[in-house]
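Before any questions on how it binds or moves, here is one chain, the form predicted alone, in structure tokens.
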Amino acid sequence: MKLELFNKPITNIEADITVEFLTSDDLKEHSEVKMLNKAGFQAEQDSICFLHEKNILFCGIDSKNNDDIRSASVSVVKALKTSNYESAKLNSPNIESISGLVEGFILGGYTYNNYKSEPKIAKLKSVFVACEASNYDEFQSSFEDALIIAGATCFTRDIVNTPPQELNPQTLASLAQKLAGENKLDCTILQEEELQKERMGAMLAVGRASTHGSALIHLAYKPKNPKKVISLVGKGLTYDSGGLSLKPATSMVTMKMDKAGACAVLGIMKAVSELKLDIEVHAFIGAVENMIGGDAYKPDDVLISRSKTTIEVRNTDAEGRLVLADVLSYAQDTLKADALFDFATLTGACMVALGQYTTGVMGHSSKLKHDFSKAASNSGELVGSLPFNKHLKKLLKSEIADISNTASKPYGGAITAGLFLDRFIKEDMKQKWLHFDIAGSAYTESPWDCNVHGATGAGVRLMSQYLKNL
């Protein structure tokens, strides 16, 4: 489906059907109010009403703010995709809500049917947005930025949704190389021999039982005279069986999504390079598969990480933090960045704390957390801050190593995982680092907002908005 913006009246645009958003107050003054009343339409948020004989689709909204326009646009695109209309047109909302309109149509209309033998193809091909405004250039700029970010989010969704027999650490590295070639990014891949030279004992242990070699992916977007330098780190567990601490069968289903942190970072790199932001951004991804076998790492093993911190393994299903420990170390030694952010589907405990819709944010900097809270409200993503404290930190104590990979008590699991990562953040980066736990927000089996079944692309809109704000 193609979404286009035009600087002309809606009456001058040819389309099969016209879409109108109506508040309850708008409804009272509308010329079709009698017919709409007969249909029982009351302009409630996301409610729809077709007047097929007049080729009009009405959708109710509570207000014209970004969230309500996004949600209504999802309802509209779903209704249009089940119809026989090939094109639709509508008037643009205010400039503050143009991104919500784009996200609603593009993300709400997203489908992943690559493995359907007979996929259902919607007849809807084009949606035209009319915009008559003195500041049309601003509208166009916001519209195009929103298209880029929505496209990068769909790109991320596609990778997360790709099943594990097709996407493993090596094919993920190849995908990163392809993105680098298309978007003019620098790309470096460290294979296992180089990881050995870097002494990445924690990361290598996690991937040891897989037939697919682990890899560290480094992408870089380097504009001239950048205002800031940002490092992004992504957890790329292309599949997580739990290792010898084997997951129950039902918990293994959907574990293709354990690479969502890495995929989000790739999507952010795509967005940043296409937005042409004047910020240098580096992505570091630990691509690993956590499997079982005679060579699998074991509970009771003591691993030596890249930073030389020793780690007692108490649970091989707490593997993502082991990979991130080495990748965070490598990222900090490779690049002196103004900020460091990691994205990971790290803990089910984060869903217990915040629900499945919200990304958990952890770190020491109140200012960074505040900045991301603001970016979240503008991006349409939801974030919640989880506080570090010294008492939970004590739960990671090991009697035989420097730190344990799981806490001694089952409470505050998302926070103790964040505190584990904090052990591998250098002192001069403590106030410049945030950890994003996207375990709940990265994947859904029940559609909500502009998220359909499967991957959501969590983190892409949030980070793109934050970087734009810089």
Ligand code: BES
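Residue numbers here begin at 1 and follow the sequence given. Note that the structure is a prediction, hence the values are computed from the model and not measured.
Although it is not shown, the form predicted together with the named molecule is what the next lines describe.
Colleague: Can you check 165 to 173, 90 to 98, 239 to 247, 375 to 383 and let me know which stretch has heavy atoms within 4.5 Å of the named molecule in the model of the complex?
Modeller: Selected range: 239 to 247.
Colleague: Evaluate Met255 for contact with the named molecule in the model of the complex, applying a 4.5 angstroms cut-off between non-hydrogen atoms, and reply yes or no.
Modeller: Because a heavy atom of Met255 falls inside 4.5 Å of the named molecule in the model of the complex, the answer is yes.
Colleague: Does the 4.5 Å heavy atom contact test between Ile415 and the named molecule in the model of the complex come out positive?
Modeller: Close contact is absent here: in the model of the complex, Ile415 is far from the named molecule, nothing within 4.5 Å, heavy atoms only.
Colleague: I'd like to check something about Ala439: if you look in the model of the complex, is any of its heavy atoms closer than or equal to 4.5 Å to a heavy atom of the named molecule?
Modeller: Answer yes; at least one heavy atom of Ala439 falls within 4.5 Å of the named molecule in the model of the complex.
Colleague: Is Ala349 a contact residue for the named molecule in the model of the complex, using a 4.5 Å heavy atom cut-off?
Modeller: Yes, Ala349 lies within 4.5 Å of the named molecule in the model of the complex.
Colleague: Just give me the single entry in Arg321, Lys270, Arg157, His282 that has a non-hydrogen atom within 4.5 angstroms of the named molecule in the model of the complex.
Modeller: By the 4.5 Å heavy-atom cutoff, the listed residue in contact is Arg321.
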